[in-house]
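Here we start with a single chain on its own, the form predicted alone, put down as structure tokens.
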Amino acid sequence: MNAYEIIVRKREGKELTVEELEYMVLGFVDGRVEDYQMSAFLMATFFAGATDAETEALTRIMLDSGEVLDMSGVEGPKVDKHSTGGVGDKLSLIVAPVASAVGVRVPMLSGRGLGHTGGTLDKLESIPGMRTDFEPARFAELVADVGMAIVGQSPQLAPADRKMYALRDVTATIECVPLIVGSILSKKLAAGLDALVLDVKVGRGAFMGDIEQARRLASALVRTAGRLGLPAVALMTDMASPLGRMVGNALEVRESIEVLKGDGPFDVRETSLALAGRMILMAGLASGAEEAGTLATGALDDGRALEVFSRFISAQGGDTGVIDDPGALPRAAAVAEVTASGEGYVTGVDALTVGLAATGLGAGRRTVDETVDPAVGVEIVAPIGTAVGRGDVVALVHAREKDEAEGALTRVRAAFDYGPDEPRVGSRLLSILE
């Protein structure tokens, strides 16, 4: 058995055996399979796809490449939420504290930005002093003590995914259902969960561009999780336009704090409560969806979720002063105004264009080893439905230097569409798959 033959078989659409998948995945972890061979395998899988049996086997092998966290010492139901990625998606920073405030224990293994989408760890690390690199034993202690923790993958937990995740980001193999399923579920199963809530994004700013593609991913995630013994539900949410108004790491932390204080954009609040409500329901803490939603709303509105968020920041070494003083978060040196090229109502803001602009400013990664700038990004001043005149300010570009800000203006300006009629702004929630 060798990598070349396995790559050829997958390229030709043959169903791989468990042993062949083990050879590729575990060989990549221990160095027998080279980066360029795994890159070829990922691309072959991207085009040839995988059967349900291959997807389940791939996920299990990635899980078994490392340890499974022992969460038996953590009392209470352990439920996590995972997003497939979007532009301005800061929901984990709100959903986890809300669910935890109701009694859910949230052990969240998160990742960094992929392509034009941001990563939860990058956002958190824009908070001065914040750590996300705890060992598994300390991770479990944080969940038990605080009720939630958000950390990166340690070398012990799903190491295969850790290496494959980074490679997918720079080989244009992100948008592949079996690879996404293996990546997400190997991490979540390693965290010792009782249940999982999935936020499957669909639209221009997501990796799944159309509703049918997203539905296939959501179905594959729920189905594979069930086959591996993890109850899961998937909420499909709209990502045609950026979520909320802030795109960029420190900017999104600032917006998350606004929502936790009872303010902030409606779409961020609504989607956060929908996801937190499902976590509460799957944890068995409510008799139905309506009661779960009421519990989630109460925890957000009465300040309990904000208290959990403060304890969470403190426990992971962060400066809780950012809650009362957002100025303590990193700020960009240059801010430039984006003006409207049309008039009437803003009828669309293209999420992909905004996401690429933010990445170009330094808010995301274009190579595996690239670092992000926590301060830069894009701020939407005129969201969809806003009445504007030609030349009005519709967005702000936050950049390291004036030249970089100027360079992003044209791209962000092109993201906005205008029309004479006020558009209907609907819910981000499209459907639920159980």
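Keep in mind it's a predicted model, so treat the numbers as computed, not measured. We call the rigid core the largest set of C-alpha positions that still match within 1.5 Å between the two forms. Quick note: we count residues from 1 along the sequence shown, nothing fancier.
Keep in mind that the form predicted in complex with a further copy of the same chain is not shown, yet the notes after this line are about it.
Though a further copy of the same chain is absent from this view, in the predicted complex it lies within 4.5 Å of a heavy atom of just one residue from A40, V388, V381, L26, which is A40. Note that among 371 to 379, 46 to 54, 66 to 74, 388 to 396, the stretch whose heavy atoms approach a further copy of the same chain to within 4.5 Å in the predicted complex is 46 to 54. Although the partner is absent from the chain shown here, none of D238, E270 and Y418 has a heavy atom within 4.5 Å of a further copy of the same chain in the predicted complex.
A172 belongs to the set of residues with a heavy atom inside 4.5 Å of a further copy of the same chain in the predicted complex. By the criterion of a heavy atom within 4.5 Å, V8 is counted among the residues contacting a further copy of the same chain in the predicted complex. Although the partner is absent here, L167 lies within 4.5 Å of a further copy of the same chain in the predicted complex, judged by heavy atoms. Put the two forms on the same core and the Cα of L198 is off by less than 2 Å between this form and the one not shown. Core-superposed comparison between this form and the one not shown: the CA of V412 stays below a 2 Å shift. Relative to the superposed rigid core, E343 undergoes a CA displacement smaller than 2 Å between this form and the one not shown.
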